[in-house]
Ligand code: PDD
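Only one chain comes next, encoded as structure tokens, the form predicted alone.
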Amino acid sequence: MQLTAWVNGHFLPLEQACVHIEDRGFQFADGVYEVIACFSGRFLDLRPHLERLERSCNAIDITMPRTLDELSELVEQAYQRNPFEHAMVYIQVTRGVAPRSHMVQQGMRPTLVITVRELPMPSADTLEHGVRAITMPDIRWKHCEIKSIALLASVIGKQEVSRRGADEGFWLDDMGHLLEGCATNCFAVIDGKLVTHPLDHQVLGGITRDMALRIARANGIDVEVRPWKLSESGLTECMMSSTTNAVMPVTHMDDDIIGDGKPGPVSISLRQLMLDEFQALKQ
């Protein structure tokens, strides 16, 4: 398949899609992004993703390059030019091009890029056995609620994850509370309740996180939003959520086994409920 990208007003073959060397996204990581799943041509929570993109732009004073309706149409057009059965749409907005200076010029034209790739799916082995994770001291900046393209801390974290033979890494605050992963939100089952950290400057409001909490509540799973630790006595399961994973059980953390080392009943049930909603979306 010939992949096609949208760059600043034009659809181009991916290998020809370029931005200026003085784009502030390249020079300063001065930009934000979103990743949206698409199943058989149906987008999962497209509007909430675009609304979060708008919030991220507003938070760093970047002018949205298109209205939400125009962006929605561009995303649809991008998918039609890259019609994977299950797709992952990436949107990036940077402040634009200017001579390199920390001082932001006024009236800059934002750079808008949209690409589409095949949506990666978990392996059968991962689904059967769950994932291995590690914990790390939080080295990120203090505005994780903004979906920034400045992901160096997560890159460093993922390198450590790979070095230790794991699948994901979770950030810990100074008190030992789990915040979120390098590319995921995280949850635990404690005393039978689904527990996750509150949204604040340390945690990104994941669209899939929101979906998981909504579906859990709708299906009689008690939800508690509060700081939590791995050392809590009633903890029986851990799991993570993201666009590419839906909900995925975490069965090993650092050198410890979570529960009995197998995907637990709440994570299995919640994952299936989310997949059922994905299937309904396709139809």
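Owing to the predicted nature of the structure, the values given are computational and were not obtained by experimental measurement. Just count from 1 along the sequence shown to find any residue number.
Here the subject shifts to the form predicted together with N-(5'-phosphopyridoxyl)-D-alanine (PDD), a form of this protein not shown in this document.
Q: Identify which of 244, 63, 40, 236 has a heavy atom within 4.5 Å of N-(5'-phosphopyridoxyl)-D-alanine (PDD) in the predicted bound form; exactly one of them does.
A: None of the other options qualify; the answer is 244.
Q: Please identify the residue among 111, 115, 135, 208 with any heavy atom within 4.5 Å of N-(5'-phosphopyridoxyl)-D-alanine (PDD) in the predicted bound form.
A: Only one option qualifies, and that one is 208.
Q: For the interface check, one of 94-102, 68-76, 122-130, 198-206 should have non-hydrogen atoms within 4.5 Å of N-(5'-phosphopyridoxyl)-D-alanine (PDD) in the predicted bound form; which one?
A: This holds for exactly one stretch, 198-206.
Q: Is residue 49 a contact residue for N-(5'-phosphopyridoxyl)-D-alanine (PDD) in the predicted bound form, using a 4.5 Å heavy atom cut-off?
A: Although N-(5'-phosphopyridoxyl)-D-alanine (PDD) is absent here, residue 49 would touch it in the predicted bound form, with heavy atoms inside 4.5 Å.
Q: Wondering, does residue 35 line up within 4.5 Å of N-(5'-phosphopyridoxyl)-D-alanine (PDD) in the predicted bound form on heavy atoms?
A: Residue-level check for residue 35: yes, a contact with N-(5'-phosphopyridoxyl)-D-alanine (PDD).
Q: Is residue 182 close enough to touch N-(5'-phosphopyridoxyl)-D-alanine (PDD) in the predicted bound form, meaning at least one heavy atom pair within 4.5 Å?
A: Output for residue 182 is yes: heavy atoms within 4.5 Å of N-(5'-phosphopyridoxyl)-D-alanine (PDD).
Q: Is there a non-hydrogen atom of residue 147 within 4.5 angstroms of a non-hydrogen atom of N-(5'-phosphopyridoxyl)-D-alanine (PDD) in the predicted bound form?
A: Contact check for residue 147: yes, within 4.5 Å of N-(5'-phosphopyridoxyl)-D-alanine (PDD) in the predicted bound form.
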